[in-house]
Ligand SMILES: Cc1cc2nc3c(=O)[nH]c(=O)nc-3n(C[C@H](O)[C@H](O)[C@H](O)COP(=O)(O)OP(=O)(O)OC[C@H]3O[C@@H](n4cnc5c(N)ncnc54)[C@H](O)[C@@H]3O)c2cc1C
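Given as structure tokens, the chain that follows is alone and in the form predicted alone.
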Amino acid sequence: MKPAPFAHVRPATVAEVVEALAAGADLDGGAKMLAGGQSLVPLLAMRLAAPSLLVDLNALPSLRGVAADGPDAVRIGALTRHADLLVQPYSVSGADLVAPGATGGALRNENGLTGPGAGAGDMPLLAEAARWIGHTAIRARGTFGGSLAHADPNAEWPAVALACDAELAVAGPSAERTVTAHRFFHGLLQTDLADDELLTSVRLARPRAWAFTELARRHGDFALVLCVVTELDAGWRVVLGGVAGTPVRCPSAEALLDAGERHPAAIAAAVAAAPEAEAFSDLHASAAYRRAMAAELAARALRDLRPGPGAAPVLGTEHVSSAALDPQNRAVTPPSPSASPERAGTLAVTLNVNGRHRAAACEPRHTLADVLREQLGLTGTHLGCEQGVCGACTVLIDGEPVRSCLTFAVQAEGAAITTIEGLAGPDGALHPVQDAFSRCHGLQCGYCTPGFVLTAVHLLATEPAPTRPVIREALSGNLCRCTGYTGIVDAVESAAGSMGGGGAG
């Protein structure tokens, strides 16, 4: 299915967002905010949500970034991407930490997995939680604040927020207000946000010690159960996700830890007996199973407890000052070309595709995948699930892999888009990754191949010599209909060698 028609607006300030939300409240379908869209767009496509107005937040760069907020806390802008917080798991001892303000390079853990090495060393809990979120293409678009506002109890960030005594800054028509995490989540997909309010930033306390454990059926799935344990100045926090309609704390387990109890079995018993851990049953797991796994994950978390690093002042890929994360967006922001509401009918867009500016006419509800295929004739972008699951529609936007079925074409104006047709050289010579897929029998039926190839191009641009586990991790968000993954991994490894990376075995 395709989304129902809606109007689209891209405000340039937080005040304009609030005004648009207030105006949308008077419409029959109301208004929805569009940040990363990784949860919202599938709901729109399945007609589980049908707003009359979509308020696009992506013209608010002042809400993206991470900054120190005093010596013992960090503040994360609501539009910060999951990938901005991702550094693969690593030892937090001494030399393994990235220096404040460092950029480039990579950190490597014992499994050979690497991350961007962008200064996330002073709160590695964020990096550990981020790596459990979906796959590369999902993390490149999804946002920290969007996950909190969506309030899925199986998601990672709500539990992390509760475990770090988060304070959420909310902008509305009257004034800015602050909501603590334990008051923010009201129930399944329900929060304290009013229809005309916007989450702008989140303050999290830095833990002195922390652990994060999660159980999911497959890599990249939502958690069946997860547990976050932190030691804060205010005491210990034991938080469970996936067992109830909101993330929940376990005061009995926290009291044992505050009293000096460190035995995993004792903490597991406290969690199993806690009324807060009363779980629900669904198609994926029974309540009894969830309850048992919550106790087991709490015990594992205590065994895996890691000390927090020293006081490094800044983390994240965008080193911004606290003033830059201004909930009122008082800094001067260039006006957006779409700052006024667009009608739900056809409008003109110009897309920079494969180095050429291409004109198209589409409705706000038309996805980038549909416009690429049906208007620009770039049929190498294939549609599979149209829910962001299979990866067949993957393209590169500003060098990052993105699900084009979860991205509206109007969002892609001003960005550089690369499709499979744009990889070959001017003389028609295949890109090394394309050539390797041909040589190593990675093509198979070819339907899913464009998504795999573009994902591999991004991988090799960020990690020239990936190990096979790293390759599998990077490709795990793409499904092969022929299930012939060995040839695909061989192809990426071969391409790394031919491009000078050499491969890491």
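As the structure is a computational prediction, the values presented were derived from the model and not from experiment. In this text, residue numbers run from 1 along the sequence as written.
Keep in mind that the form predicted together with the named molecule is missing from the display, and what follows is about it.
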Close approach of Lys32 to the named molecule in the predicted complex, 4.5 Å, heavy atom: yes
Any non-hydrogen atom of Val389 within 4.5 angstroms of the named molecule in the predicted complex: yes
With the partner left out here, check for me: in the predicted complex, does some heavy atom of Arg237 sit within 4.5 Å of the named molecule? no
So, Leu454 and the named molecule: in the predicted complex, are they within 4.5 Å at any heavy atom pair? no
Given a 4.5 Å cut-off on heavy atoms, tell me which of 148-156, 355-363, 274-282, 412-420 is the interface stretch with the named molecule in the predicted complex. 148-156
Within 4.5 Å, heavy atoms only, which of Leu378, Val179, Leu256, Ile133 is in contact with the named molecule in the predicted complex? Ile133
Partner-contacting position among Ala294, Val228, Leu368, Ala78 - heavy atom within 4.5 Å of the named molecule in the predicted complex: Ala78
Contacts from 27-47 to the named molecule in the predicted complex (any heavy atom within 4.5 Å), listed N to C, are Lys32, Met33, Leu34, Ala35, Gly36, Gly37, Gln38, Ser39, Leu40
